[in-house]
Structure formats: structure tokens, C-alpha cells
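Okay, so here's just one chain, in C-alpha cells, the form predicted alone.
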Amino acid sequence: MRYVKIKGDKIYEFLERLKNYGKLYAPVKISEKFYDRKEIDDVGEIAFDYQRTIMPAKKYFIPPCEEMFEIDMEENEYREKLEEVEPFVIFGMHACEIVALRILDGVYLNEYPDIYYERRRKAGIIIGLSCLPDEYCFCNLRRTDFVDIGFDLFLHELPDGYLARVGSPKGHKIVDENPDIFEEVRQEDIDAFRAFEEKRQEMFKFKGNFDNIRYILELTMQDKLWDEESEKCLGCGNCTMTCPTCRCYDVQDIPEIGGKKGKRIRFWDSCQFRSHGLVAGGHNFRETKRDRFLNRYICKNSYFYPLGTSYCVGCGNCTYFCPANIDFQENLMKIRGREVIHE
């Protein structure tokens, strides 16, 4: 892997030049408590010390709602909505979210690629950014706190700049075309990188791993914890909408009044909605709120074999944004039989 350094006084110039490669999206503070990714005009607005955004980066590859195709019965035509996707750059993705994007790749770019997702994925440039965990993060337990592939550049904080790992031909191109921005990595940079990683590991709330959690969940489906916690749940779906790997969607055909023309749309759906498990004939595979609540825990902790990880990357979004204050991480700890002590 290639390593270069960006001096601290060059970072904003670097961000400005990223606009030459497409629309620039990056995290911006939008309130006292929340951050979100937005298209950037002024690079001075970009937040570097954030933990999570209210909408995960999946929204750039799987829009919350999109039109798939049009149908014209009079002309007997079917027209896919495949407008040209303009290049874009997502700056500031953390390691866990890049792993999440690779999980989505495994779902949408398998032997039957999703053409809508594929076009956006090819148009995107991913610039990762190191972070320090807060009490909601448990990516270390998921082994997603460091990422090897899935990015074009990944920036690690140094005292006087950033150490950049180059992860793709696109990344090499950016470095080669901006030689005045990048410089060689020195020994003191390597020492600082090592120290930052050690500091980051010590900051996690829990140590260890969740490798066996999917089996424990299967063995404890009747545990009273699920009754207690599901009672708190509002069924709002906020946990799934803010999750970087949740990918369920619904599809609707919407005819025009005359019935001769129409369109098909797809939009984000949630396993926490009662309608999600409802099928023809009125049967519901997950009739109760408890069924839906437990299903999410089973689903998120099931194993994604192509990548060797679970569908949960430990970002903490579901807990942070839950209006009922349901703690996903602590519930997993409890179901493992580990007492959770609040300081």
C-alpha cells in the first residue's frame, strides 16, 4: 500500500481540489447534537471530529426514494430511468461505514448486479477519515474499527496533518495529480500514527469481540429481555433508517389516472414496520412488535460470509438516534450474560 502525508496547512486546499473530481459531500454540524453529510460549497464548514451523521452514506448509493422505470401501455414501451450519474466525492467516511458499504456491495453487486446501485458506486470516490470512539461505538467488537480496502484514500490524524493510505487507482490518480499537496511520510509520522491507534483502542467502552453473539441470540429467543425491550420500542424504524447496512426496500407501481401510463418506484422500508411482514391474504410473518424487534437483532448479528463479518458494523447509530433510548450494544452484552455497569 502507498502512504503519503498531507500537511495540516494544506488540508483545506486538498478539500477544495477534491471538487475537481465531482460534487463534494462531507459531514457538517447542523445543530448542537447532530451532524449530516451535505454538498459542500465552503470547505471551512466541514466537520472533522464527528462520530456519526443522521443519515448514513448509503443514501448516495441507495436513495430513500427513486424512480426505477416508466411504463407506457399505448406505446408498449418500458423505459428505465438511467440518467447519467455525475462523479461525486464522499469525504470523511469512518472505517465502520466503509465496511458497511462493502456489505452493500456484496448484496447489490453479486451475480445479479443492481444497475442503479452499480452506476452510483462507480461514480463515487470514497475518502475515509480516522475517528475516536464515543460511548456508543463498538466497531472494535465487530472487527470493523480498521479497514483495509473499500476506499480511494483514507486519512489518519497526525499532530501536524494527516497520514493518507492510498487504496485504489482513483486514489493514486488524486495523489499523482496534486504533488504539491502530498509529501513523504517521516518516522515521526509513523510514531504518531501508532500512538493514535493505541489511544483509539483504549477509548472503547468494551473490549473483546462479538464473534459468538449470533449463536447466543438463537439460543435466547425466549429470554424476557426481548419482552421488556420491545415494550419500549415505538416501531418508528429510526434504527433501520440510520443504519449504514440496512437495505430493505419496498416497490410500488403508480399508474396515472387514465391507466395507460405509470411508473415504478422503490423506497426505504423497515423491518420494524408492521407492513413489512404483511403478505397477500392478510398473513403477517412478524405480527407482534416483539417479533419485529427480535428479528432486527437476529438479522443484524447474522453472518455476512463473503466479507467475514456481521451485518452490524458497530457504529452505534441505532442507539444514538433511538427516541426510546433502547441501547443495542448493552442489550447484546446482557444477552451474553455480561452485567452492564453504568458509571
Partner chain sequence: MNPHLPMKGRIVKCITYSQDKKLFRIEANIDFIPGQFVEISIAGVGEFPVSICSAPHEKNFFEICVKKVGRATSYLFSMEEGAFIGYRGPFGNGFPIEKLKGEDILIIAGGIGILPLRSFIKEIIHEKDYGKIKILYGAKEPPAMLFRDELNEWRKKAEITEVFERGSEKQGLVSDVIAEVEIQGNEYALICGPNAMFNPVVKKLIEKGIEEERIFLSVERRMKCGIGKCGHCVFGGSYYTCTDGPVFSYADYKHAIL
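Source: prediction; values computed, not measured. Superpose the two forms; the largest set of C-alphas matching within 1.5 Å is the rigid core. Positions refer to the first chain, counted from 1.
Keep in mind that the form predicted together with the partner chain is not shown, yet the notes after this line are about it.
The three marked residues, Ala123, Asp160 and Val166, fail to reach the partner chain in the model of the complex, with no heavy atom of any inside 4.5 Å. A residue is said to contact a partner when one of its heavy atoms sits within 4.5 Å of a partner heavy atom; Glu228 fails this definition for the partner chain in the model of the complex, lying far away. Under a 4.5 angstroms non-hydrogen atom cutoff, the partner chain in the model of the complex has Gly281 among its neighbouring residues. The shortest heavy atom separation between Ile298 and the partner chain in the model of the complex is within 4.5 Å.
The closest non-hydrogen atom of Ala195 lies beyond 4.5 Å of the partner chain in the model of the complex. Just one listed stretch, out of 215 to 223, 195 to 203, 167 to 175, 135 to 143, contacts the partner chain in the model of the complex at the 4.5 Å heavy atom level, and that stretch is 215 to 223. Residue-level contacts in the model of the complex: of Val251, Ile190, Leu234, Ile149, one residue has a heavy atom within 4.5 Å of the partner chain, and it is Val251. Residue in contact with the partner chain in the model of the complex (any heavy atom within 4.5 Å), chosen from Glu183, Asp211, Glu86, Glu77: Glu77.
Heavy atoms closer than or equal to 4.5 Å to the partner chain in the model of the complex belong, across 104 to 134, to the residues Val107, Tyr108, Asn110, Tyr112, Pro113, Asp114, Ile115, Tyr116, ordered by sequence position. Relative to the superposed rigid core, the position of the CA of Glu74 differs between the shown form and the other one by 2 Å or more.
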